[in-house]
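Only one chain is given next, in structure tokens, and it is the form predicted alone.
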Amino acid sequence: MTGPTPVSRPRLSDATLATLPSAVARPAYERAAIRIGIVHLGAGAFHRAHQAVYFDDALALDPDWAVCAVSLRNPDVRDALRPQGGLYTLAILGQMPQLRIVGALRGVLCARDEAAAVLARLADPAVRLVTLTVTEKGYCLVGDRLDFAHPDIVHDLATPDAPVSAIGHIVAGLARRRAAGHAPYTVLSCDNLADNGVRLRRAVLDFAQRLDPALADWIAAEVAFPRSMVDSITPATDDALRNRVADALGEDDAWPVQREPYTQWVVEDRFCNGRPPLERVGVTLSDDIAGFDRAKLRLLNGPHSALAYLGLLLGLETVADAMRHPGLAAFVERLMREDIAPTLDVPVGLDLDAYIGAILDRFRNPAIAHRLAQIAWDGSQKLPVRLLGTIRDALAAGRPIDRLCLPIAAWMHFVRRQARDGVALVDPMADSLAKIGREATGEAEDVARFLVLREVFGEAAGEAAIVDAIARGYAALCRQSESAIAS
């Protein structure tokens, strides 16, 4: 007995665009007329679901800003997308799911085995912008400076014409342009890294100075490194997405990507060789990237942690589940509007009320299964920057802090429960936390055991008002999580 005959479908390509169902959005420009003006290092899912979509919109206004996407080591993206002419599908996961074909990629390379092609593209005077999503480790930093002991940096300084690191590629491309008398490109970091443009510039100059001081002087004088902030949840591609996309298109797409409907990109308007019409496609241009970063950290990441620790105490599994709990949803909204928002110096261009509303909508989105247990990871590292700074600012301004301190108390209960149940913590301080958790009794006195962790609490551990507020929250959660959240 044989199974069903496999469905034979055409492969997504320029030739098949016209045959797609009308509900599938397609590029709003002639792909044959666009020209590569951007090289992107790090051709992962986030770039293809985020920046490349903005560039796709910009190409309908200016054809000179198509993208050559470069994977530094792994050829998988190139091998999947090159047969499709760089086309891929974006699935937008909302109440009404949408599919869109993105055509911004006009080249897809892998530096590991196409090094000459990558360097030639970086040297091309038509390329005026280089963007990066290589994650923090891709910058090869130690602290805020370049790590000259990093194996990739050691390699690239020894063989600068055959780089393997992102920093090595950027400098190699700039060196070629300087030697040819061409204008440099702007280098724009799109990674979630504080002061990303400043730190990238410093790393590039450190490398160039060691290689060629004259080149470093030219880069310092001529090249722009704008700061930026990016935001959008981008779940990994899986076979379920591939099958869903293939069924909807009637065509196979080797590597579709997916994200939530919300997307944000804030960029410092400091470019040295022209730029795409970013402000016309939804990008916020601002000199106050730190202000937008702080708003995101406090209004998105802080409440995320609150939902995680309080939701887990209530037996919930995902952010959407937590937002369906009336008491917890109301608590988080009050936390954002009444306790966190007043601590912010709102940057020009940010509508705070609309931003809070958009975050709450994101939290409610049932199409994104963001697990609370995953958000709860690394609490010892996250809570100091997500909540404790807000607590201290609120206290200094004479505002109440009990609601802000309740998620801290919930984290302590989370650690205690994990230790009690023999569940390993995912946290750099897991051993110390597990010891405290095993010693905790579920009484208010437990708070003092946690406050000895100066790496977490710092000076806050000595501020009586904060200690008392955490202790009140911890005791209330000992009695009844539901009533503590509702209070």
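Note that residue numbering begins at 1 and tracks the sequence as displayed. The structure displayed is predicted, hence computed values, not measured ones.
Keep in mind the form predicted together with D-mannonic acid (CS2) is missing from the figure; the text below concerns it.
Undergrad: Judged by heavy atoms and a 4.5 Å cut-off, are H182, T186 and N273 together in contact with D-mannonic acid (CS2) in the predicted complex?
TA: No, the candidate spot makes no contact with D-mannonic acid (CS2).
Undergrad: For the chain seen here without its partner, which of 105 to 113, 381 to 389, 399 to 407, 166 to 174 has a heavy atom within 4.5 Å of D-mannonic acid (CS2) in the predicted complex?
TA: The contacting stretch here is 381 to 389.
Undergrad: Going by heavy atom distances of 4.5 angstroms or less, which of L81, V230, L99, V127 would be at the interface with D-mannonic acid (CS2) in the predicted complex?
TA: Among L81, V230, L99, V127, a heavy atom within 4.5 Å of D-mannonic acid (CS2) in the predicted complex occurs only for V230.
Undergrad: What is the one choice in V267, L312, I375, L193 with a heavy atom within 4.5 Å of D-mannonic acid (CS2) in the predicted complex?
TA: None of the others qualify; the residue that does is I375.
Undergrad: Taking D-mannonic acid (CS2) as it sits in the predicted complex, is R416 in contact with it (heavy atom to heavy atom, 4.5 Å or less)?
TA: Close contact is absent here: in the predicted complex, R416 is far from D-mannonic acid (CS2), nothing within 4.5 Å, heavy atoms only.
Undergrad: At the 4.5 Å heavy atom threshold, is N301 in contact with D-mannonic acid (CS2) in the predicted complex?
TA: Heavy-atom contact with D-mannonic acid (CS2) at 4.5 Å: present for N301.
Undergrad: Please check if R201 has a heavy atom lying within 4.5 Å of any heavy atom of D-mannonic acid (CS2) in the predicted complex.
TA: Residue-level check for R201: no, no contact with D-mannonic acid (CS2).
Undergrad: With a 4.5 Å heavy atom cut-off, would you call R259 a contact of D-mannonic acid (CS2) in the predicted complex?
TA: R259: no contact with D-mannonic acid (CS2) in the predicted complex.
Undergrad: I want to verify one pair: Y355 and V281. Are their C-alpha atoms nearer or more distant in the predicted complex compared with the form I supplied, knowing the change is 3 Å or more?
TA: Relative to this form, farther apart in the predicted complex.
Undergrad: Based on a C-alpha change of 3 angstroms or more, tell me if Y355 and G282 lie closer or farther in the predicted complex than in the shown form.
TA: It is farther: the C-alpha separation of Y355 and G282 rises by at least 3 Å in the predicted complex.
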